[in-house]
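Just one chain is shown here, as structure tokens, and it is the form predicted on its own.
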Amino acid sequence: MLSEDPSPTPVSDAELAAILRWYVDMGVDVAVGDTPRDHFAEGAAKAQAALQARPAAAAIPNSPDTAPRAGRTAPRLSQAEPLPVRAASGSGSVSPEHALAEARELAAASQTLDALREAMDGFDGCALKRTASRLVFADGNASAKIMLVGDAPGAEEDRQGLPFVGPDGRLLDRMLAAVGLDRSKVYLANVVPWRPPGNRSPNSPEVSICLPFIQRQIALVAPDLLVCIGDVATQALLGVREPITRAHGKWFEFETETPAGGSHRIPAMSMFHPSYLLKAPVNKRYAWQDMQRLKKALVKKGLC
């Protein structure tokens, strides 16, 4: 019979650091108290108190406006209806419409990438800024003729302030190397520049509010080829509604403004996101085919 040792197993500093890092990566990065609380018991006590107070409230006669009607239910927000965006300063709430209007104004007024970065760093209309460590603006060569746009930063990107530097970024580097490219020859950015908690995908309101910034970023870089990496970037920038499993490898057009105020159409390809390929490596064969299509376009334009 195995003897049970009641003493706890000692945990090293390295193990504790690894546990804390795991919680941060999962989005649990805020301490809410130093002592344990039984939130379930507190919730049950509140519910019991509400039940005890209900008979007294029920004795109040209903007015014609508050009387219940058959088949009438409380209004409910649909999934497509955006929730109010809370300002990072905590001074109140900012409606999605006002946040979007401010983002458009700031983006349009930015005449350089440095000015755009400064404007985005001071923008408080996206709630993700409150939970992210820093703005993840871009990486690579701002003069490159190839621009790649992903969805949003992950945990490692949030720590370093650069896009595509985690495990998916290392895979992307290998994919680029397969067609003779590296970060000195491309420009990397994301549709949403702040990390969503827990590395989730950004939702529709978050994408909509940040969209003017990435659109302006593309206009200022003025690439000859645009690569949209993943579902979020493909749908937000190209208006594609089919899933990435059908859109990948196809060529589309991204319309942007020229410095003179005209319009310019940039050839754009949709590709699988490296994070998806790490979870479903069987699809790497399709990614290889897409990279070959990209290389063919690069050769045709004299960019490779």
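The first residue of the shown sequence is 1; numbering continues from there. Please read all numbers here as calculations on a predicted model, not as lab measurements.
One more form of this protein, predicted in complex with ligand URA, exists but is not displayed; see below.
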| query | finding |
| --- | --- |
| Among 210-218, 158-166, 121-129, 108-116, the region lying within 4.5 Å of ligand URA in the model of the complex by heavy atom distance | 158-166 |
| Interface membership of residue 196, ligand URA in the model of the complex, 4.5 Å heavy atom rule | no |
| Touches ligand URA in the model of the complex: residue 273 (any heavy atom, 4.5 Å) | yes |
| In the model of the complex, residue 190 touching ligand URA (heavy atom, 4.5 Å) | yes |
| Any non-hydrogen atom of residue 231 within 4.5 angstroms of ligand URA in the model of the complex | no |
| Partner contacts in the model of the complex for 146-168 (non-hydrogen atom within 4.5 angstroms of ligand URA) | 150, 151, 152, 153, 154, 157, 163, 164, 168 |
